[in-house]
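For reference, the chain that follows is the form predicted on its own, supplied as structure tokens.
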């Protein structure tokens, strides 16, 4: 439940409120004036639906709130609503996300700008409700844009960005915002809530243009194209994903101008990297214990270490990642996921980073880490071990590149 602790206008733009990541997303739904949202609760994303229902009940939000009979129906509802010109929102988690997979796949193929969240959760079985990123990452090759939030504030901000980017006609692709289950979906932060007027300046009305499904605009959706046209359509979708990089840069610049937030880069958040020789890179809330470790190890041992946090996984910001990481002697890649049987038995992010840097003449030593699966806390001894191993690899004292280390695993 959101508790309003402070209500004041700050530069006539925003108020402050104590909110979880899910509640921050519900505020974004209200501010974006979403037309249709479909609900089928599964934890940990379900907090969004509870917060949205409360806003509706209190007369603060007007949206068509449809309770579906399952996740597949959920995503079908918003797909069709989007096709007729409705701004939409949907979400799920873990195996629920997978139950909707047919609808998720075709939504990207049809280039309908659905905005969703995936409250990241481990995939059953065995049962585990804590954070893992494998649910979101399963759609990485389908045409969905995939940002990850670190805080409730960033969750709200990314949601507003998501509608702006997804609905841009140069992109017109769906977006799924990753929110770490429990660590972000259910933890409270002070969140700055923009005014409606400020959001209206940033986010234009949704307009599908000549792709609108309407009796006055007869078009065909999802035709059978077979081998005759499928390659051309895939190529168009690829162009849209490439366009997304520039559109995100534009949206980030406008967002920063209007709201004064977002950091230097739309794609990367760097922490104490100015003099760093060794850094780690990861996504989502794992940056928080790593920042604590960086401050502690710099103070106690004088280590020159830092963090690079990846904000958008798709489109992968190759240029920005290469420019950033090639400055360092060694890079530890922390995956809160795992890719069974992948090259060198690493995580998904590990292999993406290695691929991005492979053709560079000057590149850092790269070490892979699997940590925090199933929502396991990344405790300070684990964070210390990650930095020690990365520094050892940078000095040539530890095998790197073709070795991935599991952190905090009982033998």
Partner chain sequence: MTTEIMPAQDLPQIKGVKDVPYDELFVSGHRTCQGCESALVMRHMVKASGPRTIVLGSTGCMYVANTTYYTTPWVVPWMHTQLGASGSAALGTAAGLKVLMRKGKLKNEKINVIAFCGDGGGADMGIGAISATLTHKDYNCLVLLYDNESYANTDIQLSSQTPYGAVTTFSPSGDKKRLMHTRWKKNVPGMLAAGHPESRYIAAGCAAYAVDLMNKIRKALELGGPTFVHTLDPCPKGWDYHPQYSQELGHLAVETGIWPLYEVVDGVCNLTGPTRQIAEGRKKRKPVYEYLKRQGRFAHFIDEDVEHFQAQVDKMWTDWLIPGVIPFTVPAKDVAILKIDKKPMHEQKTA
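What you see is a predicted model; the values in this text were computed from it and never measured. Residue numbers count along the first chain shown, from 1.
This protein has a second form, the form predicted in complex with the partner chain, left out of what is shown; the following refers to that one.
- Heavy atoms within 4.5 Å of the partner chain in the predicted complex are found in one stretch of 293-301, 140-148, 221-229, 248-256, which is 221-229.
- Though the partner chain is absent from this view, in the predicted complex it lies within 4.5 Å of a heavy atom of just one residue from 198, 128, 86, 288, which is 86.
- Checking 353, 367, 26, 34 against the partner chain in the predicted complex, a heavy atom within 4.5 Å turns up for just one residue: 34.
- The candidate spot formed by 63, 72 and 76 is fully in contact with the partner chain in the predicted complex: every one of the three has a heavy atom within 4.5 Å.
- Though the partner is left out of this view, residue 213 does reach within 4.5 Å of the partner chain in the predicted complex, counting heavy atoms only.
- Interface membership of residue 275, defined by any non-hydrogen atom within 4.5 Å of the partner chain in the predicted complex, is ruled out.
- None of the heavy atoms of residue 124 is located within 4.5 Å of the partner chain in the predicted complex.
- Among residues of the shown chain, residue 67 is one whose heavy atoms approach the partner chain to within 4.5 Å in the predicted complex.
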